[in-house]
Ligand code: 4AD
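A lone chain, given as structure tokens: the form predicted on its own.
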């Protein structure tokens, strides 16, 4: 009857491997050994009785040399039929070769065609942005996009690791919420059975509740803003990291941010040098990202902008040109501290003796990338949070649970939100956030 494995293979599954199956990134550990590579054809060229196949498997690229006298006639013929993105299983011996992609190549001993690809729409030639966005599901297969996604993973792994090492607990927050966090003008409304609900703008309010239980927490997940914006710095759906810390003031909050950001940037430099090279990223500016970061009061930032010729009044919020003008003065990310109360969220703690500004700071990245973090000390006084909810015309009934946090053991607490795509875009030096997320949602795009 045969084994279960044989029955699965006979029904259309993969055949038993002829040699150890390895990822391309790991072939360096198998020099002189026969291995099996499973992947897709990235490129090919031939010269009579020799074929040179460039395969990719998501972990890297490798050249396979297929010689007519080293494989069966059927295998050699199959190699000649391959089209871009055809899927194959190749067996061969790993050889070190400094001229080959990645420094190693495979001397092929067998080739099995899994699926012959049709005419592939994305070729090495230049394509327009809209064409690439329409084919985002295929565009992801290119070396540049693979590099960005690997750096994104390194960023999220680094953030989680840094926080976990310091006792933070990950606490998922709901995507469907009964109320807003950042204002009602950018809410996505939906029907939740017989009442209204909204897609989450932020997990912060729920993280505050969790911090009152566990002390130090964070949430990492998708957030949604119905902003009718087409700038390179906005997405409709994006991912945000939001730590929240009990018994923490704004000064400590900024220390946490600068140490965490520095750790992750240096981790990417150490672990993803190959991917940064694919992107041709100049890493010199990133090497300077070490604590402490410079800090400037909002008041002083206003004067700086005026000196540089910008029409800007105290009480205005920063736009891209203003953030660029500020960051031009610094080589590292810079904190702008003490924003006007009127332009910030309802939950932010006022400055002592200056109720017109709040204990909040935006962290602006250099090289023109602007705000990557917004953080603040939260209001912990019951009367003041009730007053703010009233002033912002928020429905009290939807915030009763949030008010409870000030009734039962309230403490000073702080937190911040870090936009993953903005952070990744800065590290990779991307022109647009759309490349920093696998399937971007933009004002004019929800496909694919």
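Residue numbers count along the first chain shown, from 1. Worth saying up front: this structure is predicted, and the values here are computed from it rather than measured.
The next section is about a form of this same protein that is not shown, the form predicted together with the ligand.
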Contact test in the predicted complex: residue 39 vs the ligand, heavy atoms, 4.5 Å: no
Residue contact check: residue 347 to the ligand in the predicted complex, 4.5 Å heavy atom: yes
is_contact(residue 234, the ligand) in the predicted complex, heavy atom dist at most 4.5 Å: yes
Interface membership of residue 225, the ligand in the predicted complex, 4.5 Å heavy atom rule: yes
Options 58-66, 40-48, 414-422, 25-33; stretch whose heavy atom lies within 4.5 Å of the ligand in the predicted complex: 414-422
Interface residue in the predicted complex among 79, 366, 375, 338, criterion: non-hydrogen atom within 4.5 angstroms of the ligand: 375
In the predicted complex, the residue from 146, 97, 252, 371 that sits within 4.5 Å of the ligand by heavy atoms: 371
Residues in 430-448 close to the ligand in the predicted complex, defined by a heavy atom within 4.5 Å, in order: 433
